[in-house]
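Structure 1 and structure 2 below are two forms of the same protein chain, each written out on its own as structure tokens.
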Structure 1
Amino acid sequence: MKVKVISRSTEDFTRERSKDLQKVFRNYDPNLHTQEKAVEYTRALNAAKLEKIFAKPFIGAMDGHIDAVSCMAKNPNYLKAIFSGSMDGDIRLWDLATRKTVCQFPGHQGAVKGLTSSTNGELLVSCGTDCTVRLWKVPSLNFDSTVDTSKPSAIYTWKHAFRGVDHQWNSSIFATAGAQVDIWDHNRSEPINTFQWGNDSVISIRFNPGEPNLLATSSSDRGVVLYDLRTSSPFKKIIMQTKTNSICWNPMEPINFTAANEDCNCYTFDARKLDEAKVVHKDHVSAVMDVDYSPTGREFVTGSYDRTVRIFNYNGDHSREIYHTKRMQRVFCVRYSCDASYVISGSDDTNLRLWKSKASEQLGVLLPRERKKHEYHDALKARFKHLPEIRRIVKHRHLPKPVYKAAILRRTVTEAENRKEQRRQAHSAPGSSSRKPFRKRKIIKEES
């Protein structure tokens, strides 16, 4: 009889260090693993539960302003820095890592309504109700900087109060919103261009970071207007049922932008086709005050007057996450951090709050095995997310009582409306009345 000697190379079986793991040999024959689906399902269930257990999104609050935080701006070139402006004219630069004020930029007489930073992060532009636009040199967070922040590098006074400002990507142009839209250059004391479509004041303004010559504004006549700086003219306008408080372009999809509306919803539009919203993001129970996209373009964060911050998927009609604390009041501004892993909210209670964008994410250095484990758990959750038990666990959120009740009320109202509409349809002659889909219902007209 011939004896087969198992031959193994010693290299495979010797550890380099005593703390290395022994190689495990497995037989992957599917016939040996008949219960794999049940096994993975149970793992997914456990992963979902673990996610709940570890969901601790709140990192810390940044206290310092003495009035409500009205606007924020992130430094596109420096991760740790965030600027915030308050209703009393105070502008602060925060270090997110230490959650402390680095410096203040005093000077505004009224509320600061708009803040933005140039792409290289060296210049801060602020504007407010005192009809001034102020440019500030930004000190770097290293301590050897000698920038004097007590005085702005330039003050441009203009005819009307300002409501918002945004900086063009990779250029020296910024745009302000007020009675009209003004396009400014860093070095000019007067706007280099001015647009007006309709007579109502412009509330918010945002440049498209991917396609920097496009500009979107929302105005108090409930309109959303798009501009092109190359032809230096507006080119599209829609009037919605309620006014849009804020607008943000998707940084990875320059086609799309999302408008945070007063009617508790956010609407994502295709800039070429404004007669219908691509997605309606519902969940807030009060006006949405601000919206900001994650730099990955896959989700965005909204802050609402209902004292909550929510995170939506770019194509999800309901929020993925809701953040709230007992002390957080009306949220006026939100920003997604430049590495897509944090969210900052500024609210009426004079605080800035720092949140994790994934509530149960483990911060700090992850070893490869740990990372793989997390990836596996995430993949499992994604795979079984439609199964009832897992869906229930993953979706469940504790809500503040007012929000919970308001949501129920809103649901009741919409259901009643739907019922009524259905009955109306049922009792009218076929074809005589057609109901618009919800995506189109809130858009009153499209102008050109």
Structure 2
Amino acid sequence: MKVKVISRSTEDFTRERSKDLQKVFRNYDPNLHTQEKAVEYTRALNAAKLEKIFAKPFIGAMDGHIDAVSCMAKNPNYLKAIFSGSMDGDIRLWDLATRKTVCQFPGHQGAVKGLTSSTNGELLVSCGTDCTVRLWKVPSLNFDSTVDTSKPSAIYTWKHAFRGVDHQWNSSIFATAGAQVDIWDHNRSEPINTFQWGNDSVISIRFNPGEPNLLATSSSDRGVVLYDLRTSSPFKKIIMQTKTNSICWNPMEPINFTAANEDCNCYTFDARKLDEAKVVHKDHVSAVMDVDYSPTGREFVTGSYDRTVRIFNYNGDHSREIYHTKRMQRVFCVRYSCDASYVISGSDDTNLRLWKSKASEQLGVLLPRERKKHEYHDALKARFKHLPEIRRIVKHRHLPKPVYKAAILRRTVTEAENRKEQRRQAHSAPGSSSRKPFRKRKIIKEES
């Protein structure tokens, strides 16, 4: 008589060392797992709902200024440091971890309109409406620093008020925006070069991170101008229908920059081809005041006059996230943190606010199992994102009532304009009129 017994070798399923991975045996034959797709869909649905439950992006507010926050700057030396300037002339260095003021830089007699730090993070440059540029030594974040911040290391007085400032990468040169574009050196009390195209004042200025000699500016005549320090002259300009409030270059694709415009949209341009925008980013219902890219170059954050902060993908025409609070007023400046984990906004209500860049992200140290679980949930949501129920949950955002009503009104106006254009085309002789794409419609002319 034969007796069949189940026999297995302990070597097949035991670990040789305690740190080895457990051996898991699974048959991947789809015939044995007929409900796998249905199970994964349910898991994706639950993951989308959990993301909404844990979406609490607001971390805290930093109070200390007594007037509206007008500008901000990151410190490349310290991950958790940020500078802020207000309309009453107050400049502060903040520690994001404790959300406290490390030190103040007193001296400006008017509004501070521009802040930037040198590439090594040891020097802070500020400018304002009191016609002065001030250079400050930056202390370390520990509160026992010996650096004296009560007096600037240098003060440069000039003929006109300043609207913005930016520092060149890996150099001692910085540029200011005002009645004209002035190029300064740390060791010179007067500009070493001056650029001007037209008679209108310059609003914002940014150096290119990839080509340090290239800089972009926006002016009050609705123009966006590119300058090259090597040729000592501007070489390209476009005139748009409305004014551009701020400009930011993509750090990973330095040929592209994004302009925050008064017409509620942001426009991403290729510096080599300015006759049309690459992408038009819509969703705001009032003027976009500031824009800043993530260090990864895959996203950027915008702050608007409609009292909201939005996060866009670099190639997305609609925002993936919107942040707002009941107390937050008009947002004048926004910045990404140096590790792309946080967003800082400065608004008219004198506060800086700290947000998570991913609303449902878990703060603190993640265990390997937790990280794998989050990655698995993200993969499930990406796989089933086209299905209506998951798409509805993932895309839903709560909007303040004024923003919601203004968005409906803007949508109605846009649809009416499109209908009018379609009827004009339908009742025109063939070939007599051509319809310009929206990416070209806002650009009036290009000059060089």
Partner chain sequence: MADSTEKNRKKQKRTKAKAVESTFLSKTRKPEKKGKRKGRDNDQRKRRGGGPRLPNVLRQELGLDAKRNSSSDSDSEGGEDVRDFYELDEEVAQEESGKNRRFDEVENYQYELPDDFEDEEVPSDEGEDDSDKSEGEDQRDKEDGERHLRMLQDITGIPKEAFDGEKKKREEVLLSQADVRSEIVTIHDLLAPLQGMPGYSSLRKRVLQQEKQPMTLQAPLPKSERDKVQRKVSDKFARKEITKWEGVVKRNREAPTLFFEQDQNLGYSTVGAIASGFEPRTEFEKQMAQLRQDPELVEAYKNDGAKMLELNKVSVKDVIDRQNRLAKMRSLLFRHEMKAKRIKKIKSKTYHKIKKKERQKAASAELEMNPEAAKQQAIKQEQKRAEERLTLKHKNSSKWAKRILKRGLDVQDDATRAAIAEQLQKHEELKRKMNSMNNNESSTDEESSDDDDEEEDESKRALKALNKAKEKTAKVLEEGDEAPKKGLFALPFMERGLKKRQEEAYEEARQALEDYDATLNQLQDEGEEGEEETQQNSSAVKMTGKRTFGPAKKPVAQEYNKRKRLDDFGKDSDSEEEDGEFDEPVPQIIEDKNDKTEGVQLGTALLDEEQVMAQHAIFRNLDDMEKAVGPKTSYEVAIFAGDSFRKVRSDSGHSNKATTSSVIHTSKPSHETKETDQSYETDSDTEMVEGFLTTNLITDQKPDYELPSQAELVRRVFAGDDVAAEFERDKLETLNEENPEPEKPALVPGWGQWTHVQKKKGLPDWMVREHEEKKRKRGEALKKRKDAKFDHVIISETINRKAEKLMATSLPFPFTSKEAYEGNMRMPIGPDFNPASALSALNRPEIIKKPGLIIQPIEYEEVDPDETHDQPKRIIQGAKPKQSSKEKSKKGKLSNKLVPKTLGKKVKST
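Please read all numbers here as calculations on a predicted model, not as lab measurements. Residue indices: 1-based, along structure 1. For clarity, a rigid core is taken as the largest C-alpha set superposing within 1.5 Å between two forms.
Comparing the two isolated chains, structure 1 is the one taken from the form predicted together with the partner chain; structure 2 is not. Here Val24 counts as shifted, since its C-alpha moves by at least 2 Å between the two structures after the core is aligned. Once the rigid core is used as the reference frame, the Cα position of Arg15 differs between the two structures by 2 Å or more.
Per-residue C-alpha deviation between the two structures, core superposed: Ile6, 7.3 Å.
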